[in-house]
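The chain that follows stands alone, in the form predicted alone, written as structure tokens.
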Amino acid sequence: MLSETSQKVNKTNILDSFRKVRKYSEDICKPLMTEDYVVQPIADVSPPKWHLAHVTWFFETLVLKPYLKGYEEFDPQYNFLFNSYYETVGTRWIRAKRGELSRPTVKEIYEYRKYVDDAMSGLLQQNLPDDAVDTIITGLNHEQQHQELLLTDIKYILGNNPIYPPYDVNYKEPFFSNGSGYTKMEKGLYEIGYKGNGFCFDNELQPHKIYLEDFQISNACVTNGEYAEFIKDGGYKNFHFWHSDGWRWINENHIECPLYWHLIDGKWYEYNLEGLKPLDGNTILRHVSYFEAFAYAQWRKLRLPTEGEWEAASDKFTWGSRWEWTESSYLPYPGFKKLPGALGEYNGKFMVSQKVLRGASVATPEGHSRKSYRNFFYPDERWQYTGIRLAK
């Protein structure tokens, strides 16, 4: 996951980064009421309390226990409660039942975080072996991933409350200007994958060349107004635009619009973190599934880009406001190797039946995105800030 990073990291910088990342997780939760911390509307959405505990469990289990001599666990039961999917580490509580954990309390989880943070602060002032530094940096990136999930899970929790309570009435989504026109890319060999000496996840390796035919990729992401025209034209009622699985999905689940859209008295509204507001047609579309992205592209007589096309062209357009669906299945790159131990379960075990997303979103923490980053979700998932960029 790291390329020569251990030899170049300044221990003070790691401590500062650790404190900054840990503080931001708690900052995200400041607008919440205690009751908000324990809700789990669906299996994919974890309670905020669980996120705060799980990222803390990562540092306790994978850093403090092996590298801090004499460290005593805060509570041995937490290894069972807050392990997510690491079979190497042991058994765990069922994902779909995380919302049933009324205990430990929110207060106790914050005490857990402080206990682990104090121990980590002491450890980070010691001379550490390279593998410890690597794991700590992975842990910071892991927590940043959960910060993105934390914000989107909070939005789902509140956005599915029938009174649509705001997360924060003063919240303002970061502004991203949309582009226009298409970028033309000539056929030839292009190199994709992570290149450099900083952090990357193992699924971004190894850098390799791919051959691409001539193509064009949109400089703009699809807007709410453009997608509303698809709905108005009967896009959700015409099976010609949909994969068979997608057509079954919208019919079985009565899907007629993007997540958080509501048709009230003939007018579209959208739930945002500041509450339910009239739909802004100029805003970049968000919260659509791969099935919906594909159907929209079919309706436009265009297509989604592959992840190789997206990365090859990414320096030529502005990205970062939405995770963008691609036409690529989530598979290993040539030469991909799993890491040993628990970290080897991080990405490789999920390389089946999912689609790649590229870019970042308004929920992505600062400094966590790069053009080689490979996000991945199942085709029907849309609670993340997922959008559409077209190609031809």
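Residue positions are given as counts along the sequence shown, with the first one as 1. Quantities reported herein were computed from a predicted structural model and do not represent experimental measurements.
This protein has a second form, the form predicted in complex with another copy of the chain, left out of what is shown; the following refers to that one.
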* Asked: Just one of 177, 197, 161, 121 has a heavy atom within 4.5 angstroms of another copy of the chain in the model of the complex, so which one?
  -> 161
* To do: Find the only residue in 93, 71, 182, 299 having a heavy atom within 4.5 Å of another copy of the chain in the model of the complex.
  => 93
* **Candidate stretches 313-321, 75-83, 143-151, 123-131, one within 4.5 Å of another copy of the chain in the model of the complex by heavy atom** => 75-83
* **Within 4.5 Å of another copy of the chain in the model of the complex, all of 104, 208 and 353 (non-hydrogen atom)** => yes
* Check whether residue 165 has any heavy atom within 4.5 Å of a heavy atom of another copy of the chain in the model of the complex, and answer yes or no. => yes
* Partner proximity in the model of the complex: residue 378 to another copy of the chain, non-hydrogen atom cutoff 4.5 Å -> yes
* **in the model of the complex, residue 291 touching another copy of the chain (heavy atom, 4.5 Å)** => yes
* Heavy atoms within 4.5 Å of another copy of the chain in the model of the complex: does residue 239 have any? -> yes
* Structure fact -> Residues in 330-363 that come within 4.5 Å of another copy of the chain in the model of the complex by at least one heavy atom, in order, are 331, 332, 334, 338, 345, 348, 349, 350, 351, 352, 353, 355
